[in-house]
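This document starts with one chain, in the form predicted on its own, laid out as structure tokens.
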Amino acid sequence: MRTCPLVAVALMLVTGVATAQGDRGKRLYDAHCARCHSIGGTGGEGPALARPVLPRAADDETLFDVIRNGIEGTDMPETWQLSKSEIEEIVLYVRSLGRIEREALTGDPERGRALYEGRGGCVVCHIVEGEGGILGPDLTNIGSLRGTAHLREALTDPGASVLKGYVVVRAIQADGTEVTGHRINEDSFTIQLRDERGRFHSLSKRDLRELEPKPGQSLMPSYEKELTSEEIEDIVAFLAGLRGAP
């Protein structure tokens, strides 16, 4: 069947407009959102966006509102500096991320679970569905929140992307006693830390000789030399499948 030349030109114009909008949306996303959500929306400090359903933004209107006003009680800020049309272009781009094919996993999730609960010792520090330790983040829904690249990095270079609430601080008291742990809370007079054994410390700043944040460090050990690359992929596959309650 032959296509009318006028129709063909119209289709080319519509396609060109859509492509230009997508390009602008990507540029705006890369400039304002990728630092937390990563290029391509695979997740990093912020949740992964490259998925068909966004738990906090079921439709475009809600997604627009989330981008414009942020999410109270989270690290998602408002974007007062963006115009209505710019946010709409970001919404279109973010929705397009959910239509891409899911990344293929090379690991075996069941072997990953065995490593997580056994030799890897992850269950000692992390909770999954109410079971496990409290030193590290709850991983019950980690597969929905983070992409596989972030999960892989967390296993091999855990200090590369430390989540808020897990910043490592080293405190030296007046008697020379040293405490290193996650900063749980802090005000003008005191600081509360949880050390690598899970012990809670509330320290008076007046009694400290030194208080030093340790950016780029994590209490979680690197598994890069402890596990083979295949075993790391197995754990990544297991973690990627943790998506909380349906």
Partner chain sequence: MTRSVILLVTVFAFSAMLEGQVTYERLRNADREPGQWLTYSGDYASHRFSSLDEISRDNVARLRPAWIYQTQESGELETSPLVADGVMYLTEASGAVVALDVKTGRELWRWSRPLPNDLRTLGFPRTNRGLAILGETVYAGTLDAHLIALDAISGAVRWDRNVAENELGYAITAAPLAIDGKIIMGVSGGEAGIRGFLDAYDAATGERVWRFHTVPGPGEPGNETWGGDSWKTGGGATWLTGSYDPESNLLIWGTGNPAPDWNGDSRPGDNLYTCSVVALHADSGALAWFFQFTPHDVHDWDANQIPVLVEEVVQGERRKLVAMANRNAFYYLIDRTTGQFLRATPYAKQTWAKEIDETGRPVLLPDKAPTEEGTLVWPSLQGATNWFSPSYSPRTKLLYVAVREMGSYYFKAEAEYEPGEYFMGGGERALRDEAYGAIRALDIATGETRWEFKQLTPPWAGVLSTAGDLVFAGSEEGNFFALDATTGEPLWQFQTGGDVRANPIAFEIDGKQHIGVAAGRAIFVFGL
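So that the term is clear: the rigid core is the largest set of C-alpha atoms that superpose within 1.5 Å between two forms. For clarity, every value in this text was computed on a predicted model and none was experimentally measured. Numbering follows the first chain given and starts at 1.
Omitted here: the form predicted together with its partner chain. The next part is about that form.
**Request:** Tell me, yes or no, whether R206 is in contact with its partner chain in the model of the complex, where a contact means a heavy atom of each within 4.5 Å.
**Result:** It does: once its partner chain is placed as it appears in the model of the complex, R206 has a heavy atom within 4.5 Å of it.
| Contact flag, A58 vs its partner chain in the model of the complex, heavy atom cut 4.5 Å | Outside the cut-off, so no.
* in the model of the complex, does V128 have a heavy atom within 4.5 Å of its partner chain? -> No, V128 is distant from the partner.
task: Report yes if any heavy atom of S202 sits within 4.5 Å of a heavy atom of its partner chain in the model of the complex; otherwise report no.
output: Flag for S202 set to no.
Just one stretch in 174 to 182, 188 to 196, 49 to 57, 215 to 223 has heavy atoms within 4.5 Å of its partner chain in the model of the complex, so which one is it?
Going by heavy atoms within 4.5 Å, the stretch is 188 to 196.
Among the candidate residues L145, A149, L82, V168, which is the single one with a non-hydrogen atom no more than 4.5 Å from its partner chain in the model of the complex?
Going through each option in turn, the one that passes is L82.
In the model of the complex, does each residue in the set K26, E88 and R99 place a non-hydrogen atom within 4.5 angstroms of its partner chain?
No.
Query raised in the report: Rigid core fitted, then: does T190 show a CA shift of 2 angstroms or greater between the shown form and the other one?
Result: Passes the 2 Å threshold, so yes.
Per-residue C-alpha change between the shown form and the other one, A57, threshold 2 Å, rigid core fit:
It does not reach a 2 Å shift.
_Core superposed first: is there a CA shift of 2 Å or greater at S204 between the shown form and the other one?_
Yes, the C-alpha moves 2 Å or more.
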